[in-house]
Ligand code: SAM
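Taking the form predicted on its own, here's one chain by itself in structure tokens.
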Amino acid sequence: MKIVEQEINDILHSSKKYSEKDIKNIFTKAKKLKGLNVEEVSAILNIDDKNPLLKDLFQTAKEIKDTIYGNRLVLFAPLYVSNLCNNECLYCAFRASNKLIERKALSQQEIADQALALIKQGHKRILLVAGESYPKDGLQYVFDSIKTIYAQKDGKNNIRRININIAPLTEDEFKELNKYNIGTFQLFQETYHEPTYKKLHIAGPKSKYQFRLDAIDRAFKAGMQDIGIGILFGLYDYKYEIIAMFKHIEYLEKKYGIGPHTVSVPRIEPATGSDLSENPPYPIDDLTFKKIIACLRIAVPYTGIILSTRESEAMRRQALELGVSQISAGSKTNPGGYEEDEEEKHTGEQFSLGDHRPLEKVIEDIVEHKHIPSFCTGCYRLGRVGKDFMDLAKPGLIKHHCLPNAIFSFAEYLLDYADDILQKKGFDLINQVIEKEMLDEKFQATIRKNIDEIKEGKRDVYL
């Protein structure tokens, strides 16, 4: 894969000739859920903030999100096992030369304690995160950490799926990682603009732009099924970044028959010891950020969009209506953060958080806005991953699995971890969704039967 700067700039420039009628025709095409071409993506990116078409952009994104994902929302938590790093990324608190944070790599017992703390909150999906350096046992430390997390249980509950966000690997290392029953391998390019990338990543393995970009190829060649990509918005012009990422997606789909399983949209946030993070070169205001999410939902309708706790409660709430399908909840971005004393909780953080609510409060808010919180991992266990997932998703068939499985996992949470008030509100919402969305009486009966079995003690129910 090669990102050609002039080609992207030419695309952005040529799209400015699109008329209002042309843009409306793009929205009409988008609602057919076939995605857009790169020129059309560029055209909607160039809608000015004061243009009345911006309202149509947001409405189109909402319709597409509702059609594909409905009102379910996947929840997960990051588990930082280490903040050791040998890179020099000017926007990150983990960079090697930063002496203002405490460095720590959790022991396997500490990782077990962190995983158990998350399970006892109700989490079932974890994103394992490590700085781009490991203790003396190297990558084996990550493999051992995966096994440790999966081994933890709280009664009948456990972590059912671990996604991974670590340094890019060689093809052989990806093959080894693939043996450990993980979900999505997540790797952000940070910025696709190579001159900016080189200016911000001044030392360490991460300074190699092309090696990082080609990591997705190596992962697919090694047999990985689900890959997550992302941009750190604020490092360079957001229009350039999205077009470059879209070109990357087009390339992956053409070469491997499948694009990324998820796209993450973090905005740069203040990080200890980083002046650049306090004053981003290309700051993204809230309206522009909402436009970014809407454009991505329209451009790649069947790709999950992930929003982290970098964002405020209000922004996360608004983003749900524009296309976000997964959010982190109750997050800590420092190793050991889930069990530390209050005064220690921010020691060694990678960046500042915007949403500090615990999982239960996030779920209460989601339910209040009539969304179903989902901890579902059924597709992973049944092999509906990679191309198989997309083959079901694109004709809309995956919805028949995802919504029921979301309901089952939410019912488990309500029974095991929610208080009486949330439990009642949650089951009332479940009943409303069953009656509204599942019109086939036999299917309704199947759903209710499974919920009854969950109430009787059965766990890990999925279709």
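For every residue, the number given is its place in the sequence shown, counted from 1. Predicted model only: the values in this text are computed from it and were never measured.
Heads up, the form predicted in complex with the named molecule isn't pictured, but that's what we're talking about next.
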property	result
Non-hydrogen atom within 4.5 Å of the named molecule in the predicted bound form for each of 187, 232 and 271	yes
Residue 310 within 4.5 Å of the named molecule in the predicted bound form, heavy atoms	yes
Touches the named molecule in the predicted bound form: residue 91 (any heavy atom, 4.5 Å)	yes
Contact flag, residue 267 vs the named molecule in the predicted bound form, heavy atom cut 4.5 Å	yes
4.5 Å heavy atom contact, residue 360 to the named molecule in the predicted bound form	no
Stretch in contact, per heavy atom within 4.5 angstroms of the named molecule in the predicted bound form, of 298-306, 146-154, 128-136, 282-290	128-136
Residue (of 239, 212, 104, 371) lying close to the named molecule in the predicted bound form, criterion heavy atoms within 4.5 Å	212
Selected contact from 332, 206, 316, 261, since only one has a non-hydrogen atom within 4.5 angstroms of the named molecule in the predicted bound form	206
Stretch 158-174 - residues with a heavy atom within 4.5 Å of the named molecule in the predicted bound form	165, 166, 167
